[in-house]
Every structure is written in structure tokens, then in C-alpha cells.
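First, one chain by itself in C-alpha cells, the form predicted on its own.
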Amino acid sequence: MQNKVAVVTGGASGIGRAVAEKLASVGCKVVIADFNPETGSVAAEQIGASFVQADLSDAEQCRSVIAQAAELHGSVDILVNNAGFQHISPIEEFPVEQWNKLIGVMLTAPFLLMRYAWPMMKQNGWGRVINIASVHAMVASPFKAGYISAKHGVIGLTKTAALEGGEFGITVNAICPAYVRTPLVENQIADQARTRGIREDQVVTDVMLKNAAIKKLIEPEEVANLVAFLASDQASSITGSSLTIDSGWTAQ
């Protein structure tokens, strides 16, 4: 993957940062796209990547991310759609603006970013799109209507794009991790405790790890390693797949 150009959204922290670090370590030219200019700039400097600030709920800024990456490095070869956030509340209390934001960042943005990168991948006869979905793209949990709906949609988008990209050397896959040790997960512990009326320590044991055969949070580097494999030529026949890193959750 030497000198392949990789765009990683939400690359300032958590899974995205681990992915950016891994791809840079195997020779990719990495462009981090993130909402936070401070953490994004620091991450890019430490990794040796480029940084593009973007609000991915805005269609024009999605287009700009791909355009800036191509301007910096000449093309886009690898797209990792990782950016996301959560809002936890019952359906009857779920704010419509949060629903729209969640769908915009986690479903519409991956479509748009893929759409803008697609012509370059076709022209090159090679491309990799890796969508960071979630175990919640396959199963549901209460109080996460927007997040789970968006992630289920990502699986459909992944399959459709894989069918369209095959003849052009473009593979499209999704990774579906269970709870990963990230700021996003740590920040929702208090929200889960409040919504469910339980203690914060119970959220980890009784909610996050309840359905897991392996009782530990997943490390971001585990997801990053799978991203690097899917982006490599060794995975050239894997497309349209949803690969779980879920500690046995969906084996039930």
C-alpha cells in the first residue's frame, strides 16, 4: 500500500486515529478529516498525516474533503468512513434534529464521500472503501434509534456499492465492532446510566458486555488491523462483506 492515498473520517481520536496511524505505518499518505480542528491537527502532526476540518453533515464539506485530498496527493485510493456520534434517549423523546444529524453524518456522508471518490478509483482501476459500521448494524438495542438506523443503512450501502465497484477493482466492506474502548463509548456510559436508571459501573458489565462471550472492551488497534488488511491486495476478493469484531455477541 506504499503511497496509496487514504482518507479517514473521524480520524482525530478513537478508532479513526488508530486507523490513521496503522495506514500511515504501512506507507499510505493519510488525510484525516475531522470536525475538531485542534485534536485533528495534533493527530495529523503526530502521525505524519494531512488534516482537513469538516462538518460531514454538510454535503458541500463532504465534497471538499475529497477534493482537498486529491489536491494534496493527486487521487484518493482508500476511503475509511468512520466519523460518528451517538444520542441516547427513548423514541418519544428523541429530538428530530439529532435524528437528522445522525443520519447525515453516519449514512449520507459515507454515500457522498464515496460518490466523490468513486470516479478516481474507477480511473485508477483500484479502490478500497471500508465503512466502520457497528454490531448495531446487525442487532438493535433500546434508546439508540438514530444510530442503529444509520448503521443498518450503511450495510445496505456497502453491499450495493460492492456490486457496482467489482468490475473496476473497487472493493467495499464494512467492519462491525462491538463496544470499543474510545472516547465515544466512555462518554455514553453516563448517558446510559441515566436513561436506564442504573449505576455507571453496571453499564459496562450489564449493558456493554452483557452479550459478549469475551468480557472486555475491544481495543481500537484491533479494528485498525482489520482495516489495513481489507485495504491491502491480500483482500482483493473480499467485497460486500460485513465483518464482525464483536467478542461473540452475534454468535447467539
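Owing to the predicted nature of the structure, the values given are computational and were not obtained by experimental measurement. All residue numbers refer to positions in the sequence shown, first residue = 1.
Only in words, not in the display: the form predicted in complex with a small molecule, which the text now covers.
None of 116 to 124, 176 to 184, 160 to 168, 88 to 96 except one has non-hydrogen atoms within 4.5 angstroms of the small molecule in the predicted complex; the exception is 176 to 184. Heavy atoms of no residue among 4, 50 and 68 are located within 4.5 Å of the small molecule in the predicted complex. Contact with the small molecule in the predicted complex, defined as a heavy atom within 4.5 Å, holds for exactly one of 31, 28, 227, 56, namely 56. Site annotation in the predicted complex: the residue of 150, 172, 83, 78 reaching within 4.5 Å of the small molecule with a heavy atom is 83. In the predicted complex, at least one heavy atom of residue 36 sits within 4.5 Å of a heavy atom of the small molecule.
Heavy atoms of residue 20 never reach within 4.5 Å of the small molecule in the predicted complex, leaving it off the interface. Using a 4.5 angstroms threshold between heavy atoms, residue 13 counts as touching the small molecule in the predicted complex. The small molecule in the predicted complex comes within 4.5 Å of no heavy atom belonging to residue 130.
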